Ligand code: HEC
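Consider the single chain below, provided in structure tokens and representing the form predicted on its own.
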Amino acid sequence: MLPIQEIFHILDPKESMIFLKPIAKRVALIGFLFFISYTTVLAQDGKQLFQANCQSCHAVDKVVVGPALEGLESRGPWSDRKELYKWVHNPPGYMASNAYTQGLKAQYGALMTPFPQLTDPQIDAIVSYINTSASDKAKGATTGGEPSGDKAAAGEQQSGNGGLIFGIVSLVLAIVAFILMQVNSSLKKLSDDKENIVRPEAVPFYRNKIYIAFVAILLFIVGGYFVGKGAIGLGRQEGYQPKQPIYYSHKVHAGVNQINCLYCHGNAWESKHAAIPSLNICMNCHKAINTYEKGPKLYDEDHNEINGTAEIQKLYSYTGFKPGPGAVWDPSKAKPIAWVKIHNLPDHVYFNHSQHVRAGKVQCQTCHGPIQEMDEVRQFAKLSMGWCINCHRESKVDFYNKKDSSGNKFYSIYEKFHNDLKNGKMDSVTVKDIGGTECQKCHY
């Protein structure tokens, strides 16, 4: 292979410059196309799509709010993928003429949220992820257990390699484009020298106004993006998971033991706040349950094993209760537990739990995520204004049905909507239709 200096001597410099000049632009175009193709592939990531759109109400292998999705293509009309597309895009409209989905609503007491924004390839990606997850679990059961920690870690590492590869390729393309620009400049200088064209000395790149302006604009765009993103995120705590005075596992209580959320958080049914349950609620069970022996092992976020019996003893120290023969409960020694609040909204935001849980029949998992699978509770949703508005735009209200007097009777006063439903102008009524996106509904 000839060195680059010899190539420059063999080729006519002017011709070489003409040949190589567009290469930098081509490299930039290739980088842009790579970015587009990468984001397209990323958009088809079934796992991310499942977690973003389905996970709050569905799991692959067990019932959450809705049915388990394992083997969905063998049930009802879902063997025809086109029917599945119609159901996902418009559940109310599809259910009107489909007995199978009517049975699902009767069984689970809720209608699936429409997802008109999901494309057919994205739905295919979600189904593929569900099938793969079910297959992997079946293989784990056949081999005698779950995948090893090393394999799981390797899977997580592989899923995160896409972004790293994209960053490396983008950096390499940027370096190649810069080198080609310098080559083009050198060829131009050789061409000028051969034709005896006298030009002023080239300005160093660090004094070149074009380069300086380009860097300044780039820094302005990048800096503005991060400043704007940071400003938008002020006060938001998605993923917030503080340490609590007592290790309380929702997975054990709400998941394994199937304790209804409203047993502890009964205020959510009748008041604005869900409230923290009193110690008396805890002691209804723990007067008799003073050891943790049969439940699954408990671990904190640092993978340290938790002694469940010791945590129950902490509860006794707060309540002034001494278990065992001749148990003594001295209320004068009781003291409140300083639980750390996790879900916080700005002071100017009005949110009423009873309006959502009782009137709207919204499941706890819609806002709090798969709470029955969490040991230490974390904030699952953004709880941003946009997140709430989108929910109001998509969620159907329990509209009153005059024929069988079902639904919320409060909505019997909306005569216009009743007529529109009767005439076929509407197939359902959303929270937005009854004023759920008006400013004064949520702001003082």
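Owing to the predicted nature of the structure, the values given are computational and were not obtained by experimental measurement. Residue numbers here begin at 1 and follow the sequence given. Whichever C-alpha set is largest while still superposing within 1.5 Å between the two forms counts as the rigid core.
Unshown form predicted in complex with this ligand; subsequent notes refer to it.
Per the 4.5 Å heavy atom criterion, this ligand in the predicted bound form is contacted by stretch 347 to 355, the sole one of 326 to 334, 347 to 355, 187 to 195, 215 to 223. This ligand is not shown here, but in the predicted bound form it comes within 4.5 Å of a heavy atom of S384. Looking at G435, you'd find a heavy atom of it within 4.5 angstroms of this ligand in the predicted bound form. Proximity of V172 to this ligand in the predicted bound form falls outside the 4.5 Å heavy atom cutoff.
Residue contact with this ligand in the predicted bound form: D136 places no heavy atom within 4.5 Å of it. Think of it this way: in the predicted bound form, this ligand has a heavy atom of just one of T113, S128, N98, T119 within 4.5 Å, and the residue is T113. The partner is not shown here, but in the predicted bound form the stretch 224 to 260 reaches within 4.5 angstroms of this ligand through a heavy atom at I232, R236, Q244, I246, Y247, Y248, S249, H250, V252, H253, A254, N257, I259, N260. Superposition of the core reveals a Cα shift of 2 Å or more for Q122 between this form and the one not shown. The rigid-core alignment places the CA of V377 less than 2 Å apart between this form and the one not shown. Taking 2 Å as the criterion, C57 counts as shifted between this form and the one not shown: its C-alpha moves by at least this amount when the rigid core is aligned. Panel note: the distance between the CA atoms of V429 and L111 is larger in the predicted bound form than in this form, the difference being 3 Å or more. Annotation for the pair V64/K382: C-alpha atoms approach each other in the predicted bound form, by 3 Å or more compared with this form.
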